[in-house]
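There is one chain below, alone, in C-alpha coordinates, taken in the form predicted on its own.
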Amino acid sequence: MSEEKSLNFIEEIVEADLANGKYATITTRFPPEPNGYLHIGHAKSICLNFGLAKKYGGKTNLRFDDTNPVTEETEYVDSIKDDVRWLGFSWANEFYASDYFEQLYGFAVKLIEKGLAYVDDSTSDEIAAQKGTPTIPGVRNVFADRTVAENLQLFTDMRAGKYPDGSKVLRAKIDMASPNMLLRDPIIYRIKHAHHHRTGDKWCIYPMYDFAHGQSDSIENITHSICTLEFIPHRDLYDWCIEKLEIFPSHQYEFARLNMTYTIMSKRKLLQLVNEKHVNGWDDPRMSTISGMRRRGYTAEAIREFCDRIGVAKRENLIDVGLLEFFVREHLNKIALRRMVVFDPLKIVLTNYPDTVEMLPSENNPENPEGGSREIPFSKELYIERDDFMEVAPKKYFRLAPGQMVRLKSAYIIKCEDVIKDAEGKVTELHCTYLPESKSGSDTSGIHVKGTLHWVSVPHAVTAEVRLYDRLFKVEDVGNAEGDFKDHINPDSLQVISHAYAEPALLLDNPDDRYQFIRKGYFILDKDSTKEKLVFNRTVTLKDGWAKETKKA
(Lines give C-alpha, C1' and ligand atoms only; values in the text may rest on other atoms or scores of the structure.)
Protein backbone atom coordinates (compact mmCIF):
# COMPACT_ATOMS: atom_id res chain seq x y z
CA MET A 1 0.00 0.00 0.00
CA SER A 2 1.52 3.33 -1.10
CA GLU A 3 2.10 6.04 1.50
CA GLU A 4 -0.23 9.00 1.21
CA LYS A 5 1.51 12.16 0.07
CA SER A 6 1.85 14.77 2.79
CA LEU A 7 0.23 18.18 2.40
CA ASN A 8 2.28 21.22 1.43
CA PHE A 9 2.00 24.30 3.66
CA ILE A 10 -0.55 26.01 1.40
CA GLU A 11 -2.77 22.92 1.36
CA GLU A 12 -2.60 22.88 5.17
CA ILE A 13 -3.78 26.52 5.23
CA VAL A 14 -6.62 25.80 2.80
CA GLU A 15 -7.79 22.74 4.73
CA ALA A 16 -7.76 24.70 7.99
CA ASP A 17 -9.72 27.58 6.40
CA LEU A 18 -12.35 25.20 5.05
CA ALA A 19 -12.54 23.22 8.30
CA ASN A 20 -13.11 26.28 10.51
CA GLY A 21 -15.69 27.74 8.14
CA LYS A 22 -13.66 30.76 7.10
CA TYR A 23 -14.65 29.97 3.50
CA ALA A 24 -17.32 27.70 2.10
CA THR A 25 -15.22 27.20 -1.03
CA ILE A 26 -11.91 28.52 -2.30
CA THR A 27 -11.12 30.73 -5.26
CA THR A 28 -7.60 31.10 -6.63
CA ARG A 29 -6.27 33.01 -9.59
CA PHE A 30 -3.39 32.89 -12.04
CA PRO A 31 -2.52 36.55 -12.76
CA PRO A 32 0.19 36.91 -15.44
CA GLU A 33 1.17 40.25 -16.90
CA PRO A 34 0.83 39.96 -20.71
CA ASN A 35 4.33 41.32 -21.41
CA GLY A 36 5.94 38.11 -22.66
CA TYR A 37 5.47 34.39 -23.06
CA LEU A 38 5.10 32.13 -20.02
CA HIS A 39 8.07 30.03 -18.91
CA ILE A 40 8.49 26.86 -16.87
CA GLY A 41 8.42 28.90 -13.64
CA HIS A 42 4.89 30.02 -14.51
CA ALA A 43 3.97 26.37 -15.09
CA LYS A 44 4.67 25.71 -11.40
CA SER A 45 2.32 28.57 -10.42
CA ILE A 46 -0.34 27.39 -12.88
CA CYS A 47 -0.21 23.83 -11.53
CA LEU A 48 -0.37 25.12 -7.95
CA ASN A 49 -3.30 27.52 -8.40
CA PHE A 50 -5.41 25.33 -10.65
CA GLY A 51 -4.42 22.19 -8.74
CA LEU A 52 -5.56 23.62 -5.39
CA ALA A 53 -8.93 24.64 -6.79
CA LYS A 54 -9.42 21.24 -8.39
CA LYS A 55 -8.42 19.35 -5.24
CA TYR A 56 -10.72 21.33 -2.96
CA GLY A 57 -13.69 21.81 -5.28
CA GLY A 58 -13.07 25.51 -5.88
CA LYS A 59 -12.38 27.54 -8.99
CA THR A 60 -9.51 29.46 -10.59
CA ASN A 61 -9.71 32.72 -12.50
CA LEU A 62 -7.31 33.63 -15.25
CA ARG A 63 -6.63 37.34 -14.80
CA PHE A 64 -4.32 39.42 -16.92
CA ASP A 65 -2.66 42.14 -14.87
CA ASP A 66 -2.53 44.55 -17.78
CA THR A 67 -1.71 47.84 -16.03
CA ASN A 68 1.37 48.73 -18.10
CA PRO A 69 0.27 49.53 -21.67
CA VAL A 70 3.83 50.11 -22.93
CA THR A 71 4.95 46.47 -22.61
CA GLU A 72 1.70 44.54 -23.07
CA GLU A 73 0.35 43.02 -26.27
CA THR A 74 -2.60 40.90 -27.38
CA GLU A 75 -0.10 38.38 -28.81
CA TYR A 76 1.05 37.64 -25.27
CA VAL A 77 -2.54 37.30 -24.02
CA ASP A 78 -3.27 34.69 -26.70
CA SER A 79 -0.06 32.77 -26.04
CA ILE A 80 -0.76 32.65 -22.30
CA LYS A 81 -4.23 31.23 -22.86
CA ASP A 82 -2.82 28.62 -25.25
CA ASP A 83 -0.20 27.59 -22.68
CA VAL A 84 -2.67 27.21 -19.82
CA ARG A 85 -4.99 25.11 -21.98
CA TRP A 86 -2.09 22.99 -23.25
CA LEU A 87 -1.01 22.26 -19.68
CA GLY A 88 -4.47 20.78 -19.18
CA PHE A 89 -6.31 23.45 -17.19
CA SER A 90 -9.53 25.42 -17.67
CA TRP A 91 -10.31 28.70 -15.95
CA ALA A 92 -13.67 29.57 -14.42
CA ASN A 93 -13.50 33.21 -15.57
CA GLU A 94 -11.26 35.27 -17.81
CA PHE A 95 -10.65 38.69 -16.33
CA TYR A 96 -8.36 41.65 -16.91
CA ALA A 97 -7.15 44.27 -14.44
CA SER A 98 -8.25 46.72 -17.12
CA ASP A 99 -11.82 45.49 -16.53
CA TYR A 100 -11.52 47.19 -13.14
CA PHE A 101 -9.94 50.51 -14.15
CA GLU A 102 -13.09 52.45 -13.24
CA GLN A 103 -13.41 50.65 -9.88
CA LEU A 104 -9.71 51.07 -9.16
CA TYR A 105 -10.01 54.78 -9.95
CA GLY A 106 -12.93 54.93 -7.51
CA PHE A 107 -10.82 53.19 -4.86
CA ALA A 108 -8.10 55.82 -5.34
CA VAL A 109 -10.67 58.60 -4.98
CA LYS A 110 -11.89 56.97 -1.74
CA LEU A 111 -8.37 57.02 -0.32
CA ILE A 112 -8.04 60.70 -1.25
CA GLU A 113 -11.36 61.45 0.46
CA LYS A 114 -10.12 59.69 3.61
CA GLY A 115 -6.95 61.78 3.57
CA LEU A 116 -4.93 58.67 2.74
CA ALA A 117 -3.61 59.67 -0.71
CA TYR A 118 -2.20 62.83 -2.27
CA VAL A 119 -0.97 64.09 -5.63
CA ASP A 120 2.79 64.66 -5.71
CA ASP A 121 4.55 66.85 -8.31
CA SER A 122 8.05 65.67 -7.37
CA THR A 123 10.35 64.00 -9.86
CA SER A 124 11.09 60.31 -9.49
CA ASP A 125 14.61 61.13 -8.23
CA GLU A 126 13.22 63.51 -5.62
CA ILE A 127 10.70 60.92 -4.42
CA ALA A 128 13.43 58.28 -4.16
CA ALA A 129 15.67 60.63 -2.15
CA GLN A 130 12.85 61.62 0.20
CA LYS A 131 12.08 57.97 1.00
CA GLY A 132 15.27 57.68 3.03
CA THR A 133 17.10 54.39 3.55
CA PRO A 134 16.35 51.21 5.51
CA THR A 135 18.08 52.83 8.50
CA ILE A 136 17.08 56.48 7.95
CA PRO A 137 13.38 57.48 7.96
CA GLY A 138 11.95 59.27 4.93
CA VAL A 139 10.53 62.77 4.93
CA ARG A 140 7.34 64.04 3.35
CA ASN A 141 7.42 66.98 0.98
CA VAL A 142 5.08 69.97 0.83
CA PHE A 143 2.72 68.22 -1.60
CA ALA A 144 1.64 65.85 1.18
CA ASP A 145 -0.09 68.86 2.82
CA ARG A 146 -2.51 69.43 -0.05
CA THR A 147 -6.16 69.47 0.95
CA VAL A 148 -8.59 66.70 0.05
CA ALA A 149 -10.37 69.04 -2.36
CA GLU A 150 -7.14 70.03 -4.06
CA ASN A 151 -6.06 66.41 -4.42
CA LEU A 152 -9.43 65.38 -5.84
CA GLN A 153 -9.29 68.15 -8.43
CA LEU A 154 -5.69 67.36 -9.42
CA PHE A 155 -6.44 63.64 -9.71
CA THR A 156 -9.48 64.43 -11.86
CA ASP A 157 -7.30 66.62 -14.07
CA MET A 158 -4.68 63.85 -14.29
CA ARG A 159 -7.37 61.54 -15.63
CA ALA A 160 -8.52 64.21 -18.07
CA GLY A 161 -5.07 64.30 -19.64
CA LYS A 162 -4.11 67.81 -18.55
CA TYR A 163 -0.59 66.86 -17.48
CA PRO A 164 2.36 65.23 -19.28
CA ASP A 165 3.93 61.90 -18.36
CA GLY A 166 6.00 62.05 -15.20
CA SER A 167 4.71 65.41 -14.05
CA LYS A 168 2.51 64.09 -11.24
CA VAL A 169 1.78 60.86 -9.38
CA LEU A 170 -0.76 59.79 -6.79
CA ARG A 171 0.81 58.44 -3.59
CA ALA A 172 -0.76 56.59 -0.69
CA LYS A 173 -0.21 58.39 2.62
CA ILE A 174 1.01 55.70 4.99
CA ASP A 175 4.24 55.97 7.04
CA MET A 176 7.50 57.56 5.91
CA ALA A 177 9.32 55.94 8.84
CA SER A 178 8.09 52.41 8.21
CA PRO A 179 10.82 49.74 8.26
CA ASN A 180 9.14 48.41 5.12
CA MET A 181 10.29 50.83 2.43
CA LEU A 182 7.25 49.93 0.30
CA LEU A 183 4.98 51.58 2.88
CA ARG A 184 6.77 54.93 2.66
CA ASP A 185 4.01 56.68 0.75
CA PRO A 186 4.13 54.40 -2.30
CA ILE A 187 3.08 55.59 -5.74
CA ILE A 188 -0.30 54.10 -6.64
CA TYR A 189 -1.08 55.94 -9.92
CA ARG A 190 1.11 57.41 -12.65
CA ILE A 191 0.48 59.34 -15.85
CA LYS A 192 1.20 57.38 -19.03
CA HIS A 193 -0.14 58.60 -22.36
CA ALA A 194 0.07 55.24 -24.10
CA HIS A 195 -2.33 53.10 -26.13
CA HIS A 196 -3.65 50.15 -24.14
CA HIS A 197 -4.21 46.81 -25.87
CA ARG A 198 -7.81 46.65 -24.59
CA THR A 199 -8.94 50.11 -23.46
CA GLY A 200 -7.29 51.99 -26.30
CA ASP A 201 -6.78 55.67 -25.45
CA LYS A 202 -9.56 55.91 -22.86
CA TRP A 203 -7.10 56.19 -19.98
CA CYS A 204 -3.90 58.18 -19.57
CA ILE A 205 -3.41 57.31 -15.90
CA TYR A 206 -2.73 53.76 -14.82
CA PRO A 207 -2.64 52.07 -11.41
CA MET A 208 0.64 50.64 -10.19
CA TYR A 209 0.79 46.86 -9.88
CA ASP A 210 0.82 46.97 -6.08
CA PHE A 211 -2.37 49.00 -6.05
CA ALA A 212 -4.23 47.04 -8.72
CA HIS A 213 -3.28 43.55 -7.59
CA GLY A 214 -4.85 43.27 -4.16
CA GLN A 215 -7.98 45.17 -5.13
CA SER A 216 -8.44 42.96 -8.21
CA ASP A 217 -8.16 39.92 -5.94
CA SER A 218 -10.76 41.47 -3.65
CA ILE A 219 -13.17 42.33 -6.48
CA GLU A 220 -13.04 38.66 -7.56
CA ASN A 221 -13.38 37.34 -3.97
CA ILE A 222 -10.07 35.49 -4.23
CA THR A 223 -9.63 33.57 -0.99
CA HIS A 224 -6.00 32.52 -1.42
CA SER A 225 -3.79 34.86 -3.42
CA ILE A 226 -0.62 32.87 -4.03
CA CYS A 227 2.57 34.73 -4.98
CA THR A 228 6.28 34.02 -5.00
CA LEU A 229 8.62 34.95 -2.15
CA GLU A 230 9.76 38.26 -3.61
CA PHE A 231 6.26 39.60 -2.90
CA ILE A 232 6.57 39.18 0.89
CA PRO A 233 7.47 42.89 1.38
CA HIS A 234 4.46 43.83 -0.78
CA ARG A 235 2.00 42.02 1.48
CA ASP A 236 1.83 44.90 4.00
CA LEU A 237 0.65 47.30 1.29
CA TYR A 238 -1.73 44.63 -0.08
CA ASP A 239 -3.32 44.35 3.38
CA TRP A 240 -3.28 48.12 4.05
CA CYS A 241 -5.23 48.89 0.87
CA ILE A 242 -7.85 46.25 1.57
CA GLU A 243 -8.25 47.41 5.17
CA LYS A 244 -8.56 51.12 4.36
CA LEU A 245 -10.93 50.52 1.46
CA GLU A 246 -13.03 48.11 3.58
CA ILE A 247 -13.37 45.55 0.82
CA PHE A 248 -13.32 41.73 0.67
CA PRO A 249 -10.26 40.59 2.64
CA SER A 250 -8.30 38.53 0.15
CA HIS A 251 -5.06 37.27 1.67
CA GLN A 252 -1.65 36.77 0.09
CA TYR A 253 0.52 33.67 0.63
CA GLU A 254 4.05 33.24 -0.70
CA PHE A 255 5.95 30.21 -1.95
CA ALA A 256 9.40 29.71 -3.43
CA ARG A 257 9.62 30.38 -7.15
CA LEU A 258 11.14 27.79 -9.44
CA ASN A 259 14.86 28.23 -10.07
CA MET A 260 16.37 25.65 -12.39
CA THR A 261 19.91 24.85 -13.50
CA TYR A 262 21.11 25.99 -16.94
CA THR A 263 17.94 28.09 -17.24
CA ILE A 264 16.78 31.68 -16.89
CA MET A 265 13.38 32.59 -15.46
CA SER A 266 13.14 36.25 -16.42
CA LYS A 267 10.76 37.48 -19.09
CA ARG A 268 12.96 40.55 -19.51
CA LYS A 269 16.01 38.41 -20.26
CA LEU A 270 14.04 36.02 -22.43
CA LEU A 271 12.81 39.02 -24.43
CA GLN A 272 16.43 40.12 -24.78
CA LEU A 273 17.36 36.74 -26.23
CA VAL A 274 14.53 37.05 -28.75
CA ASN A 275 15.17 40.67 -29.73
CA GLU A 276 18.91 40.20 -30.09
CA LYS A 277 18.41 37.05 -32.22
CA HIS A 278 20.26 34.68 -29.89
CA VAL A 279 17.26 32.38 -30.40
CA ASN A 280 14.63 32.05 -33.11
CA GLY A 281 11.63 33.51 -31.31
CA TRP A 282 9.79 32.91 -28.05
CA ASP A 283 9.03 29.32 -29.03
CA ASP A 284 12.62 28.41 -29.89
CA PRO A 285 13.00 24.86 -28.48
CA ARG A 286 16.00 25.98 -26.39
CA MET A 287 13.93 28.56 -24.51
CA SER A 288 12.50 27.92 -21.04
CA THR A 289 9.12 29.14 -22.31
CA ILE A 290 6.21 26.72 -22.21
CA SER A 291 5.71 27.25 -25.95
CA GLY A 292 9.40 26.48 -26.55
CA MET A 293 9.19 23.30 -24.50
CA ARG A 294 6.01 22.31 -26.32
CA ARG A 295 7.73 22.82 -29.68
CA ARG A 296 10.70 20.82 -28.46
CA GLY A 297 8.42 17.91 -27.67
CA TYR A 298 8.01 18.08 -23.91
CA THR A 299 4.61 16.80 -22.82
CA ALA A 300 2.15 18.55 -20.55
CA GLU A 301 1.93 15.37 -18.48
CA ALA A 302 5.69 15.40 -17.84
CA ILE A 303 5.68 19.09 -16.85
CA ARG A 304 2.75 18.57 -14.47
CA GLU A 305 4.49 15.57 -12.90
CA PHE A 306 7.68 17.59 -12.51
CA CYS A 307 5.83 20.47 -10.82
CA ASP A 308 4.10 18.04 -8.49
CA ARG A 309 7.35 16.29 -7.59
CA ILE A 310 9.36 19.41 -6.75
CA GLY A 311 6.55 20.51 -4.44
CA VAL A 312 5.77 23.84 -2.80
CA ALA A 313 8.34 25.24 -0.41
CA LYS A 314 9.02 28.40 1.60
CA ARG A 315 12.74 28.54 0.79
CA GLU A 316 14.46 29.12 -2.54
CA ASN A 317 16.54 26.33 -4.02
CA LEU A 318 18.01 25.39 -7.38
CA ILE A 319 16.30 22.45 -9.09
CA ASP A 320 18.33 20.30 -11.48
CA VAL A 321 16.92 20.60 -15.02
CA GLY A 322 17.87 16.93 -15.35
CA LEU A 323 14.88 16.13 -13.13
CA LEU A 324 12.52 17.73 -15.64
CA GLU A 325 14.24 15.84 -18.46
CA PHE A 326 13.87 12.62 -16.44
CA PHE A 327 10.08 13.03 -16.30
CA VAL A 328 10.01 13.87 -20.01
CA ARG A 329 11.93 10.67 -20.81
CA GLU A 330 9.73 8.60 -18.51
CA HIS A 331 6.56 9.75 -20.25
CA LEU A 332 7.93 9.60 -23.78
CA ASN A 333 9.23 6.09 -23.23
CA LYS A 334 5.62 5.01 -22.69
CA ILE A 335 4.06 6.83 -25.65
CA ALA A 336 6.76 7.41 -28.29
CA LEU A 337 6.66 5.52 -31.57
CA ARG A 338 9.94 3.73 -32.34
CA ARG A 339 11.44 4.66 -35.69
CA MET A 340 14.80 4.14 -37.37
CA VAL A 341 16.68 7.19 -38.63
CA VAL A 342 20.31 7.31 -39.78
CA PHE A 343 22.11 10.61 -39.17
CA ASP A 344 25.51 9.98 -40.80
CA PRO A 345 24.98 7.30 -43.44
CA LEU A 346 27.36 4.56 -44.54
CA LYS A 347 26.00 2.40 -47.34
CA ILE A 348 26.07 -1.38 -47.12
CA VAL A 349 25.28 -3.75 -49.95
CA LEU A 350 24.04 -7.25 -49.16
CA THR A 351 25.70 -9.15 -51.97
CA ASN A 352 23.67 -12.33 -51.46
CA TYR A 353 20.27 -10.67 -51.01
CA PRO A 354 17.85 -10.83 -53.99
CA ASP A 355 16.81 -7.76 -55.98
CA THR A 356 13.46 -7.65 -54.20
CA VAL A 357 11.91 -5.75 -51.32
CA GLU A 358 10.74 -7.46 -48.16
CA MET A 359 8.40 -5.85 -45.63
CA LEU A 360 9.48 -6.64 -42.09
CA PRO A 361 7.15 -6.12 -39.12
CA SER A 362 8.37 -4.18 -36.10
CA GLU A 363 6.66 -3.01 -32.90
CA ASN A 364 5.71 0.64 -32.65
CA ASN A 365 6.45 0.67 -28.93
CA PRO A 366 7.53 -2.37 -26.90
CA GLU A 367 6.38 -0.55 -23.73
CA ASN A 368 2.83 -0.42 -25.09
CA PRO A 369 1.40 -3.81 -26.12
CA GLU A 370 -1.58 -2.06 -27.70
CA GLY A 371 0.64 0.21 -29.78
CA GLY A 372 0.56 -2.08 -32.80
CA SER A 373 3.32 -2.47 -35.36
CA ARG A 374 4.40 -1.14 -38.74
CA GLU A 375 6.17 -2.72 -41.70
CA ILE A 376 9.65 -1.60 -42.67
CA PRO A 377 10.95 -2.09 -46.24
CA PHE A 378 14.17 -4.12 -46.43
CA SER A 379 16.34 -4.29 -49.53
CA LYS A 380 19.85 -5.25 -50.53
CA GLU A 381 21.10 -1.65 -50.16
CA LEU A 382 20.92 -0.17 -46.69
CA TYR A 383 22.23 2.76 -44.69
CA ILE A 384 23.76 2.29 -41.26
CA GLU A 385 25.44 4.89 -39.04
CA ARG A 386 29.03 5.56 -40.02
CA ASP A 387 30.16 5.30 -36.41
CA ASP A 388 28.65 1.82 -36.21
CA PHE A 389 31.59 0.58 -38.33
CA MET A 390 35.26 0.40 -37.41
CA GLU A 391 37.87 -0.94 -39.81
CA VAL A 392 40.32 -1.80 -37.05
CA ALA A 393 38.17 -2.76 -34.10
CA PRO A 394 39.35 -3.22 -30.50
CA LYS A 395 38.35 -6.19 -28.40
CA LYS A 396 34.77 -6.10 -27.10
CA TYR A 397 33.68 -3.98 -30.06
CA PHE A 398 30.27 -5.41 -30.88
CA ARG A 399 29.32 -3.34 -33.88
CA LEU A 400 30.33 -3.90 -37.51
CA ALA A 401 33.94 -4.59 -38.51
CA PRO A 402 35.61 -6.67 -41.25
CA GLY A 403 34.72 -10.30 -40.70
CA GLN A 404 32.40 -9.44 -37.81
CA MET A 405 28.65 -10.08 -37.52
CA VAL A 406 25.85 -7.92 -36.14
CA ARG A 407 22.08 -8.05 -36.15
CA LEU A 408 20.07 -5.46 -38.02
CA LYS A 409 17.12 -4.38 -35.89
CA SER A 410 13.94 -6.37 -36.74
CA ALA A 411 15.78 -7.97 -39.68
CA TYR A 412 18.75 -10.30 -40.18
CA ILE A 413 22.27 -11.03 -39.01
CA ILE A 414 24.84 -9.71 -41.46
CA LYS A 415 28.59 -10.17 -41.83
CA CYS A 416 31.04 -7.59 -43.22
CA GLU A 417 32.98 -9.18 -46.09
CA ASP A 418 34.63 -6.28 -47.91
CA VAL A 419 35.40 -2.58 -47.38
CA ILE A 420 35.22 -0.19 -50.33
CA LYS A 421 37.18 3.08 -50.19
CA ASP A 422 37.58 6.12 -52.40
CA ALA A 423 40.84 7.59 -53.73
CA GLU A 424 41.47 9.40 -50.43
CA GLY A 425 41.06 6.22 -48.43
CA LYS A 426 37.66 7.09 -46.98
CA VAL A 427 35.29 4.16 -46.52
CA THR A 428 32.38 4.66 -48.91
CA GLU A 429 30.62 1.31 -48.89
CA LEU A 430 30.57 -2.05 -47.16
CA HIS A 431 29.84 -5.32 -48.91
CA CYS A 432 28.15 -7.75 -46.57
CA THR A 433 26.31 -11.04 -46.63
CA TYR A 434 23.15 -11.83 -44.72
CA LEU A 435 22.03 -15.09 -43.07
CA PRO A 436 18.58 -15.91 -44.50
CA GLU A 437 17.78 -18.20 -41.56
CA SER A 438 18.46 -15.43 -38.99
CA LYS A 439 15.29 -13.43 -39.57
CA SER A 440 14.01 -11.71 -36.41
CA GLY A 441 11.08 -13.58 -34.91
CA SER A 442 11.95 -16.84 -36.69
CA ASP A 443 15.72 -17.18 -36.25
CA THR A 444 16.96 -20.73 -36.72
CA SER A 445 20.61 -19.85 -37.35
CA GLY A 446 21.80 -20.72 -33.86
CA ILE A 447 24.16 -17.74 -34.02
CA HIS A 448 24.12 -15.18 -31.25
CA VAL A 449 25.59 -11.73 -31.79
CA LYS A 450 25.94 -9.00 -29.18
CA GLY A 451 25.48 -5.96 -31.43
CA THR A 452 22.20 -4.70 -32.91
CA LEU A 453 22.22 -1.81 -35.36
CA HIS A 454 19.45 0.38 -36.74
CA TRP A 455 19.28 0.87 -40.51
CA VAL A 456 17.22 2.30 -43.36
CA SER A 457 16.62 0.88 -46.84
CA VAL A 458 18.38 3.12 -49.38
CA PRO A 459 15.70 3.16 -52.11
CA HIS A 460 12.96 3.81 -49.52
CA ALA A 461 14.78 6.32 -47.33
CA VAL A 462 13.02 9.60 -46.59
CA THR A 463 15.29 12.62 -46.28
CA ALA A 464 14.80 14.73 -43.16
CA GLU A 465 16.42 17.63 -41.33
CA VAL A 466 17.16 16.86 -37.70
CA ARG A 467 17.79 19.60 -35.15
CA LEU A 468 19.73 18.44 -32.14
CA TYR A 469 18.94 20.84 -29.30
CA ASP A 470 20.90 21.03 -26.08
CA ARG A 471 20.93 23.34 -23.08
CA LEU A 472 21.06 27.02 -23.95
CA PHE A 473 23.55 27.92 -21.20
CA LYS A 474 26.88 26.45 -20.17
CA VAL A 475 26.74 27.29 -16.46
CA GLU A 476 24.51 25.77 -13.80
CA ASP A 477 23.36 28.88 -11.96
CA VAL A 478 22.91 31.37 -14.81
CA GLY A 479 21.21 33.96 -12.61
CA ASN A 480 24.20 34.24 -10.29
CA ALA A 481 27.00 33.76 -12.83
CA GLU A 482 29.55 36.53 -13.29
CA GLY A 483 29.20 38.96 -16.18
CA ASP A 484 26.35 39.31 -18.64
CA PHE A 485 24.09 36.26 -18.72
CA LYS A 486 24.47 36.16 -22.51
CA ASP A 487 28.20 35.51 -22.07
CA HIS A 488 27.25 32.03 -20.88
CA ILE A 489 25.22 30.97 -23.92
CA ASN A 490 26.22 27.49 -25.07
CA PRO A 491 27.56 27.79 -28.65
CA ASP A 492 26.71 24.12 -29.22
CA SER A 493 23.06 24.38 -28.14
CA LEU A 494 21.90 23.60 -31.69
CA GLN A 495 23.40 21.20 -34.22
CA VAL A 496 21.58 20.74 -37.53
CA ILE A 497 21.79 17.54 -39.56
CA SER A 498 20.48 18.62 -42.92
CA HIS A 499 20.29 15.18 -44.56
CA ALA A 500 19.30 12.37 -42.24
CA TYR A 501 17.65 9.27 -43.69
CA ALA A 502 14.47 7.89 -42.15
CA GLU A 503 12.22 4.91 -42.64
CA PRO A 504 9.14 5.86 -44.72
CA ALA A 505 6.67 5.25 -41.85
CA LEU A 506 7.47 8.80 -40.71
CA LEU A 507 5.55 10.07 -43.73
CA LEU A 508 2.37 8.40 -42.51
CA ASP A 509 2.33 9.41 -38.86
CA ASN A 510 0.31 12.10 -37.12
CA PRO A 511 2.11 15.46 -36.86
CA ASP A 512 1.58 15.40 -33.08
CA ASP A 513 3.15 11.97 -32.62
CA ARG A 514 6.22 11.61 -30.42
CA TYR A 515 9.09 9.44 -31.57
CA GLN A 516 12.02 7.57 -30.23
CA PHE A 517 14.60 7.45 -32.98
CA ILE A 518 16.16 4.14 -32.02
CA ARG A 519 19.52 4.59 -30.27
CA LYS A 520 19.33 8.37 -30.84
CA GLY A 521 16.79 9.98 -28.51
CA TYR A 522 13.25 11.36 -28.49
CA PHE A 523 12.02 13.61 -31.29
CA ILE A 524 8.98 15.51 -32.54
CA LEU A 525 8.02 16.93 -35.93
CA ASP A 526 8.68 20.68 -36.05
CA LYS A 527 6.26 23.29 -37.36
CA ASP A 528 8.81 24.15 -40.10
CA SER A 529 8.13 20.77 -41.72
CA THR A 530 6.57 20.53 -45.15
CA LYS A 531 5.53 17.60 -47.32
CA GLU A 532 8.73 18.14 -49.29
CA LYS A 533 10.98 18.39 -46.22
CA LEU A 534 10.48 16.81 -42.82
CA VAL A 535 12.07 18.64 -39.89
CA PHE A 536 12.47 16.98 -36.48
CA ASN A 537 13.49 18.45 -33.13
CA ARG A 538 15.31 16.41 -30.52
CA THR A 539 13.35 16.58 -27.29
CA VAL A 540 15.81 14.79 -25.00
CA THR A 541 18.54 12.21 -25.38
CA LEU A 542 17.95 8.62 -24.27
CA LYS A 543 20.12 9.16 -21.20
CA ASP A 544 21.45 12.21 -19.43
CA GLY A 545 24.82 12.63 -21.09
CA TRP A 546 25.19 16.26 -19.99
CA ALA A 547 26.43 15.36 -16.49
CA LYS A 548 29.22 13.25 -17.98
CA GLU A 549 30.24 16.04 -20.36
CA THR A 550 30.34 18.67 -17.60
CA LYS A 551 32.48 16.38 -15.43
CA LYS A 552 34.95 16.04 -18.30
CA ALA A 553 35.09 19.83 -18.65
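The numbering used is simple: start at 1 and walk along the sequence shown. Source: prediction; values computed, not measured.
Below, we turn to the form predicted together with the RNA, even though it does not appear here.
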Of 111, 208, 461, 227, the only residue with a heavy atom within 4.5 Å of the RNA in the predicted bound form is 208
Interface check vs the RNA in the predicted bound form: of 219, 273, 312, 264, the one with a heavy atom inside 4.5 Å is 312
- Message: Since only the chain is shown here, I'm wondering whether residue 33 would be in contact with the RNA in the predicted bound form (any heavy atom pair within 4.5 Å).
- Response: yes
I'd like to know whether residue 169 contacts the RNA in the predicted bound form, with contact meaning heavy atoms within 4.5 angstroms. yes
>> If we define contact as a non-hydrogen atom of the residue within 4.5 angstroms of the partner, is residue 544 a contact of the RNA in the predicted bound form?
In response: yes
(message) Taking the RNA as it sits in the predicted bound form, is residue 122 near enough to touch it, meaning that at least one heavy atom pair lies within 4.5 angstroms?
(response) yes
Here the chain appears without its partner; judged in the predicted bound form, the stretch of 182 to 190, 286 to 294, 461 to 469, 373 to 381 with heavy atoms within 4.5 Å of the RNA is 182 to 190
When the RNA is considered in the predicted bound form, the residues of 122 to 136 having a heavy atom within 4.5 Å of it are 122, 123, 124, 127, 128, 131, 132, 133, 134, 135
